[in-house]
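Only one chain comes next, encoded as structure tokens, the form predicted on its own.
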Amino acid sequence: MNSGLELIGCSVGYTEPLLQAELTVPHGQIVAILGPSGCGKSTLLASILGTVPVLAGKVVVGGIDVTSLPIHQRRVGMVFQDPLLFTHLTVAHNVMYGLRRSGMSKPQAAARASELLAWVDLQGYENRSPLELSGGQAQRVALVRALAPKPAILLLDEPYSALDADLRSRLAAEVSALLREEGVTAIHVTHDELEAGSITDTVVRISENRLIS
């Protein structure tokens, strides 16, 4: 099986183990991790991203052990609860940011940004400031900024929690479709069971400090 992500005997936490994780996510699949606040969901994502080292075990992305690799070498993108856009940059330059840092030419990066912005119905917004966007629009920009470099894994940390129910449902469906279009393996963390079941392939629960698939 071509595994997009494998967590092998992982123990995650800051100084003491918070969560034990054993998980395989096939390439191109979207998996929801469901659990209450404080159970270690965000810490698990941080360990996959590389901002919090695992206490034990291995993180394998696309068949490569990335456990000891720095963040920029892991090919892992992340979308947070807040969009965290660069307010001094235009919408297009937010999306282009990671592409330009990786060495892509400005015309290529601009074309990729325009393509993704059109996909999420934000064509014509390229030269706007993030401060001019609604909450839903800003979160769309954050999503395509994370997708622009074509990460092997995309982590979604309750990215719709600040939105109203109708917008949250609509945006979740749009994101799911975009991830499938791009063929991106994704981990979607949420405490909303309906949201988890409606847009993902598999739901994995956290119970007694363990992932239960």
Partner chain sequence: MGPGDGALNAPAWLKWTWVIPALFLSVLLGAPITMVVQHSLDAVSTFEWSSTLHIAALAALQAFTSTCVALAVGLPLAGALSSYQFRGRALTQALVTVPFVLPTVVIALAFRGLFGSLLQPGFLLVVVAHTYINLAVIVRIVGATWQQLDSREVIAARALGATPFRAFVSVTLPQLRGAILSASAVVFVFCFTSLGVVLVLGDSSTRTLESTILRESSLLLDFPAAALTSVLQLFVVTAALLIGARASMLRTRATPILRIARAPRPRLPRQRLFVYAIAISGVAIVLVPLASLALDSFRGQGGWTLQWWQSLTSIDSGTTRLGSPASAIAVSLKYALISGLIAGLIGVLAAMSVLTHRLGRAVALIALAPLGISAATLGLGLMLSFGRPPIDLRSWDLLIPLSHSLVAVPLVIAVVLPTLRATDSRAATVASALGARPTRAFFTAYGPTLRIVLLAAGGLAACVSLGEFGAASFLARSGDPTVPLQIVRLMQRPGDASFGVAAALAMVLVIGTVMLILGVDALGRRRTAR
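Only a predicted model underlies this, so the values are computations on that prediction, with no experimental measurement involved. Residue numbers count along the first chain shown, from 1.
If you look for the form predicted together with the partner chain, you will not find it shown, but the lines that follow are about it.
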Worksheet item: Counting only non-hydrogen atoms, which stretch in 25-33, 183-191, 170-178, 146-154 is within 4.5 Å of the partner chain in the predicted bound form?
Response: 146-154
Discussion item. Can you tell me whether T87 touches the partner chain? I mean in the predicted bound form, with a 4.5 angstroms heavy atom cut-off.
Written reply: yes
Worksheet entry | Any non-hydrogen atom of S37 within 4.5 angstroms of the partner chain in the predicted bound form | no
Fill in: Contact test in the predicted bound form: G63 vs the partner chain, heavy atoms, 4.5 Å
no
Worksheet item: With the partner left out of view, is S161 within 4.5 angstroms of the partner chain in the predicted bound form by any non-hydrogen atom?
Response: no
Item to complete: Give a yes or no on whether every one of M104, K106 and Y125 sits within 4.5 angstroms of the partner chain in the predicted bound form by heavy atom.
Response: no
Item to complete: Scan 171-209 and write down, in order along the chain, each residue with a heavy atom lying within 4.5 Å of the partner chain in the predicted bound form.
Response: none
